[in-house]
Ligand code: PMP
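So this first bit is one chain, no partners, the form predicted alone, shown in structure tokens.
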């Protein structure tokens, strides 16, 4: 539509027209045969997207924070020890959430733009007694990506379950849940999964479900309790009606459409596309002499970028970029909130969106007096995209 601005924040993101069309279909009964079939297919496809054929999917009305809380509430009992590996705002959010479960929480933090190193994590796990290791795959506040595969290996080595917050990563960053040994992988609908906000998505592996089934204390949360949701998920997967709470019918239908698109693209191709998009955007930023929050390229996420304002430029840049057709997000970490901005490049967003955003960014920077060769960011990004084609 003419005049429409690109939504290039770290979520909600741009959505495919077919997904939005599914949202506009007449709402049907949550126990109708057509809806049961749609929901069952969506649950089965979620396992395929997470590469977790033996996992148990849960799709529940709520936000990503609900998925975080479901994982914690169902796996932890009072007094259990948890190790949190934090790379920013959402690692610290999980720390605080876990404390509400009356767990004994140890949190490893790193300087802004970094993540605790694996040796530090292993040294803490070696102390023994940890039931859970919790990490954020990509922290939305810093665009720092954790080494999920290595963390999963450490959790197995030291007898802990591994819970990975994939809210800003799932269906974009490479993640092989079953192969790598991620016991719970969770996300929200509105990011790389490509569905408007409103659903918490989670796949629990066999070890996680075994731990849940063996717990002695009741789950401290009625809506959160796997025991209430598991029969519903299993029934829909088996093509049977069930009820605990009314599912978000139109969102589930949109999820079915989006997951079909994701699997049609193929997970390998999707991982590669997001990696190429991230590399191209960073190349464009570097050509404009902008500095990113992640302190090393190996830590930079494929799904979003976090960028420091250059000298003499501040949050006015967001309004200037918006006037040129792209909506970006401000900073989130309280200590440096005013010093940086964030750009999402995930899900249905493609190379044309990326280049349009860089063009708007160049225009905004120029309007605020930042000096650079005109078109430098666009040229660098385009060169990167062509090299990876």
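Numbering follows the first chain given and starts at 1. Just so it is clear, the model here is predicted, and its values are computed rather than measured.
Omitted from view is the form predicted together with this ligand, to which the following refers.
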Would residue 60 sit within 4.5 Å of this ligand in the predicted complex, counting heavy atoms only? no
Do residue 165 and this ligand come within 4.5 Å of each other in the predicted complex, heavy atoms counted? yes
Do residue 68 and this ligand come within 4.5 Å of each other in the predicted complex, heavy atoms counted? yes
Verify the contact flag for residue 151: yes if a non-hydrogen atom of it lies within 4.5 Å of a non-hydrogen atom of this ligand in the predicted complex, no if not. no
Only one of 109-117, 235-243, 276-284, 187-195 has heavy atoms within 4.5 Å of this ligand in the predicted complex; I'd like to know which. 187-195
The unique member of 140, 177, 258, 303 whose heavy atoms fall within 4.5 Å of this ligand in the predicted complex: 140
This ligand: the contacting residue among 130, 229, 90, 309 in the predicted complex [heavy atom, 4.5 Å]: 90
Only counting heavy atoms and a 4.5 Å limit, does any residue of 25-60 reach this ligand in the predicted complex, and if so which ones? none
